[in-house]
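We begin with a single chain expressed as structure tokens, specifically the form predicted on its own.
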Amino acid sequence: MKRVSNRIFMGLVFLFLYAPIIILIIFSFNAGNSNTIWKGFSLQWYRELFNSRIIMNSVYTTLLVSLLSTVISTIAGTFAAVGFYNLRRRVREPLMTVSNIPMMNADIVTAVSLCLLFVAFFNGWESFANWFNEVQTVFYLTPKIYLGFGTLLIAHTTFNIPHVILSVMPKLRQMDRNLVDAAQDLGCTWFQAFIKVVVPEIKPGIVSGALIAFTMSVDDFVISYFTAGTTSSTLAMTIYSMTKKRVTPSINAVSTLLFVTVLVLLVTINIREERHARAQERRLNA
């Protein structure tokens, strides 16, 4: 009886969590423009979605920012994790705590702080550029800098790096420390040992960190909203601006594609981690 009640409770919890998403997905295929009355199956809202210049531009910006921030944060986070790993524990633990703050911190706090940082930097740059242009005439520096694609990319890279570090560190702890010394004794430089020995050992952590970073970047709204300015717009920002007017099935179509993308990435991450865990278990049992 207790087992049945637990399953019923679990089913109600999942129904509460996923029923709105299921309804959203169903009405994205509605032939009418209503979100409550079903008028037949149709792909017209997906056709309108791909024919919309505003939405496709925001998709392009989202993918470009996500891919660039993923690559940069994966490289920076991997080297940072290796650096933390080689530090003494007394120094490493406080630095790891500091690097984890952006993940535990509220998005609105991170967004506002990054926005204020960019504005303060722009004001300082304007003063420096005006002074520099006055003392010489060979080079001209643009005094005015605004929020845009560059600040959006920096913001996404900033909050992605801690996720990569957190994914790579456990793999570094599982690695045998003597492998690098053995590679160097056999004639490898430190960088060659890192590429040929360390990277293959921590590759699952690097891939998982990259996938998490890409997922977080695609899914972000709050930080993008405060750091993108008026010249750039991500898909989440475009959806938000569309909901201010009227919620149409085209928003359902966009949300469905975004949900499916994130779901596929999360499933891929979980499958990779499960396969890696099974491979390690077979290796230990062999």
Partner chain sequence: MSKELIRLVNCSMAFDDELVLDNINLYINDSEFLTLLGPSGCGKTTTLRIIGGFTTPTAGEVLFDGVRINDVPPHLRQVNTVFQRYALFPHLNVFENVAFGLRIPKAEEGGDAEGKKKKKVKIPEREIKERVMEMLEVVSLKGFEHRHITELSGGQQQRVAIARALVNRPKVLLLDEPLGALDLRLRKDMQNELKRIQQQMGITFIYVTHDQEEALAMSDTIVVMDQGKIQQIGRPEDIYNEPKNAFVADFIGESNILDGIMHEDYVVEFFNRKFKCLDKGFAPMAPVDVVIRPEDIDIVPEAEGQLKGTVTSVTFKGVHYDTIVDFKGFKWLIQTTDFHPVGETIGIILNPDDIHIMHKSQYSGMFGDYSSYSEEYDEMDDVTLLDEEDEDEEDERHEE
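The model shown is predicted, which means the values in this text are computed figures rather than measured ones. Residue numbers count along the first chain shown, from 1.
Here the subject shifts to the form predicted together with the partner chain, a form of this protein not shown in this document.
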query: Any non-hydrogen atom of residue 133 within 4.5 angstroms of the partner chain in the model of the complex; finding: no
query: The partner chain contact in the model of the complex: residue 192, any heavy atom under 4.5 Å; finding: yes
query: 4.5 angstroms heavy atom contact with the partner chain in the model of the complex for residue 125; finding: no
query: Partner proximity in the model of the complex: residue 150 to the partner chain, non-hydrogen atom cutoff 4.5 Å; finding: no
query: Candidate stretches 212-220, 69-77, 99-107, 179-187 - the one whose heavy atoms come within 4.5 Å of the partner chain in the model of the complex; finding: 179-187
query: Heavy atom within 4.5 Å of the partner chain in the model of the complex - the one residue of 119, 141, 87, 95 that qualifies; finding: 87
